[in-house]
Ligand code: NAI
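In the block that follows, a single chain appears as structure tokens, in the form predicted alone.
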């Protein structure tokens, strides 16, 4: 008998288990594959490791503008892949060590909810029966494969398979211009692949600010990436992708195809129906404290479909454990930042200009080119970037910050804190930003806002 069963060892699961153990709950964590989930093993960490290596290669190759000359610069994919695997294994060991420190029991295998009896939940892992009075579902998400002819061919990959290729594809077609597709398109383009991105929408980046999307597209085109927008993939053959565009049918040559059309909550076969846990199109329905419709059952991370980001999962895990231990925390999704780790990076938090107007909020916006910033100019060459802010005209409250340019991922947390604390422009103007830093662009942009 445990105090808590956690289903899934991804960011939401292992972090929640650590927190629960630290709070004194006797906790068991069930994971069918590897600790760390998709983020550590086939998503966030491996992709950023590869992108950093590609960035170093590009910088070494194109460094003459900075007065540095390098000859015979090579990209060794095998070495890069080995380094990626070493980092994954190191972080897995770190997670296991922390779980052990907090006395969390880890059970390997696929956990299936068996039911509840006398207020006690039962979870089957093979022939083993685990019991607890609380249950936290953190089974994550899985890549979607669209049902088109050829989608099951061996050269059609998801993010899982493409992160382990042993050769640079000569011709790569990426289906989907969202976060994952754009990041991997950037990696393969920078190391020499010919990359084409096919996107159904008229712009890339999903729900990001429209102007930021336009800048990103132009910067990625400069890296050699081609875009087919407002295009629908009809079929995949052994050496091409057929799509329908505004101009008719087009065939795009492809050695490898990356299917990157989104993710869905991984709830199939885990036994939700045995407890009548409410779900919407597979995603577990939760309230602001992570509680499901069944008392004693919570859900955190991608499985609830609210915000499929690892840092959101950490926060949701905090909130769930707080609720179990008489806390009153909530997840404030409006202040959760997002990043696209392309080169240049895109980072955003809060409302976009169009979202604010659609919500009926009277706003003013401010915008500055990143080249307004001295540190950015010193470290960047020939790369366009902008910082854009959205401000409530009536109250002066900061509602959104949207950036494209180097180092954006490392400073967006500051903008998230400003929005989380509901700070107004005049409050932010009193904050001292270190100089010279690229983060100053946020304050400088706000100072150009006329309320």
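Numbering follows the first chain given and starts at 1. Please read all numbers here as calculations on a predicted model, not as lab measurements.
Unshown form predicted in complex with the named molecule; subsequent notes refer to it.
**Student:** When the named molecule is placed as it is in the model of the complex, are 350, 399 and 423 each within 4.5 Å of it, taking any non-hydrogen atom of the residue?
**Tutor:** Zero of three within 4.5 Å in the model of the complex.
**Student:** Picking from 210 to 218, 177 to 185, 323 to 331, 150 to 158, which part of the chain touches the named molecule in the model of the complex when contact means heavy atoms within 4.5 Å?
**Tutor:** Heavy-atom contact with the partner occurs in 177 to 185.
**Student:** Heavy atoms within 4.5 Å of the named molecule in the model of the complex: does residue 293 have any?
**Tutor:** Heavy-atom contact with the named molecule at 4.5 Å: absent for residue 293.
**Student:** Residue-level question: is residue 225 within 4.5 Å of the named molecule in the model of the complex, judged on heavy atoms?
**Tutor:** Taking the distances in the model of the complex, the answer for residue 225 is no, it never comes within 4.5 Å of the named molecule.
**Student:** Does any part of residue 231 reach within 4.5 Å of the named molecule in the model of the complex? Heavy atoms only, please.
**Tutor:** Looking in the model of the complex, residue contacts with the named molecule include residue 231, since a heavy atom lies within 4.5 Å.
**Student:** Can residue 261 be called a contact residue for the named molecule in the model of the complex at 4.5 Å between heavy atoms?
**Tutor:** So residue 261 counts as contacting the named molecule.
**Student:** Given that the named molecule is left out here, which of 198, 136, 172, 286 has a heavy atom within 4.5 Å of it in the model of the complex?
**Tutor:** Partner contact (heavy atom, 4.5 Å) among the options: 198.
**Student:** Name the single residue among 80, 308, 88, 319 that comes within 4.5 Å of the named molecule in the model of the complex, judging by heavy atoms.
**Tutor:** Among 80, 308, 88, 319, a heavy atom within 4.5 Å of the named molecule in the model of the complex occurs only for 308.
**Student:** Would you mind checking 145 to 171 for residues with a heavy atom within 4.5 Å of the named molecule in the model of the complex?
**Tutor:** Heavy-atom contacts to the named molecule in the model of the complex: only 146.
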